[in-house]
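What follows is a single chain, given as structure tokens, in the form predicted on its own.
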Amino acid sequence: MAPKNWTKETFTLNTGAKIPAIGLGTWQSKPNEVREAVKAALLAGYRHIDTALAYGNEHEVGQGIKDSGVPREKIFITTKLDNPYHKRVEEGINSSLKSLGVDYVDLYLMHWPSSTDPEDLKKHYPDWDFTDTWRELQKLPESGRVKNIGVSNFAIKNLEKLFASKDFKTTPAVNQIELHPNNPSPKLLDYLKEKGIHATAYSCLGSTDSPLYKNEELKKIAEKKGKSVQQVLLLWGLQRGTSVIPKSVTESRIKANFEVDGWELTEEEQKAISGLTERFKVCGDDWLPVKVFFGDDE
């Protein structure tokens, strides 16, 4: 089989919708940089832009989309409900749509399974949790403002709790989770596959100044391929069946992250990367009022 042209590939969600294999992540992108990054990505051929209410950059993302001249219907936009908005889903989605300057988003995710009290971010609501939030999210697709709904940072334990909840009707289309060779989460990926939930990988390059860039095994494979370590990491994620949303604000890197067509990692190379033993997480849960990671993803 010929290597895939990943920049044109999509993954089909359980709703029948198609999510582009590669998107642009915008977490931790500084103000004024995001607008240019989004425009550069769309002009380079990206068709998925990922943002969130919590990032505080939806307005700039919307400006970048307009600047690009790429028609709205050609772009897959993901945004997320912020933790203190769990009791105010309507307010959350309306705020995001207004900031983005669009009538609908393609994917709306519950950012974290933490219904945080807006009066005190160190506290969780005593009378509300993510199963209540999901009950409200399930109502959105009917309104046409949200095409697909999903979750983010959900471990197996919390997914099980969601499926068992009394108002559960709609299986999430996506679980957006941290995935890279030092946080590979094979057990969680297998579970998602079994449930028909697509996985999108955030921090797929291991985030800024990633220790993965210095990894000898990865450097060796990249050299052999005539590619960068970043490109190898993206291919590893794509070949596992996950969509990837590398974050960058540098035009040259945005373009380089899109150079994944027409080559592939061999089974041995894929295995070698999956076999890396170091472990680290870019995103923990110690800043949240509740624990959301339970070490059940390996």
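In this text, residue numbers run from 1 along the sequence as written. Computed from a predicted structure; not experimentally measured.
From this point on, the text means the form predicted together with a small molecule, which you will not see here.
Problem set entry | Heavy atom within 4.5 Å of the small molecule in the predicted complex - the one residue of H59, R253, K66, R240 that qualifies | The residue from H59, R253, K66, R240 that makes the contact is R253.
For this session: Would you mind picking the one in L265, L53, V249, V70 that has a heavy atom within 4.5 Å of the small molecule in the predicted complex?
Result: Going through each option in turn, the one that passes is V249.
Exercise. Any of the heavy atoms of V232 lying within 4.5 Å of the small molecule in the predicted complex?
Worked result: No - in the predicted complex, heavy atoms of V232 and the small molecule never come within 4.5 Å of each other.
For this session: Look up in the predicted complex whether C204 has a non-hydrogen atom within 4.5 angstroms of the small molecule, and give yes or no.
Result: The answer is yes: C204 has a heavy atom within 4.5 Å of the small molecule.
Problem set entry | Partner contact for S152 in the predicted complex: the small molecule, 4.5 angstroms, heavy atom | So S152 counts as contacting the small molecule.
Exercise. Counting only non-hydrogen atoms and a 4.5 angstroms cut-off, does I245 reach the small molecule in the predicted complex?
Worked result: The answer is yes: I245 has a heavy atom within 4.5 Å of the small molecule.
Exercise. If we take heavy atoms and a 4.5 Å cut-off, which stretch out of 84 to 92, 166 to 174, 109 to 117, 142 to 150 is in contact with the small molecule in the predicted complex?
Worked result: Only one stretch qualifies here: 109 to 117.
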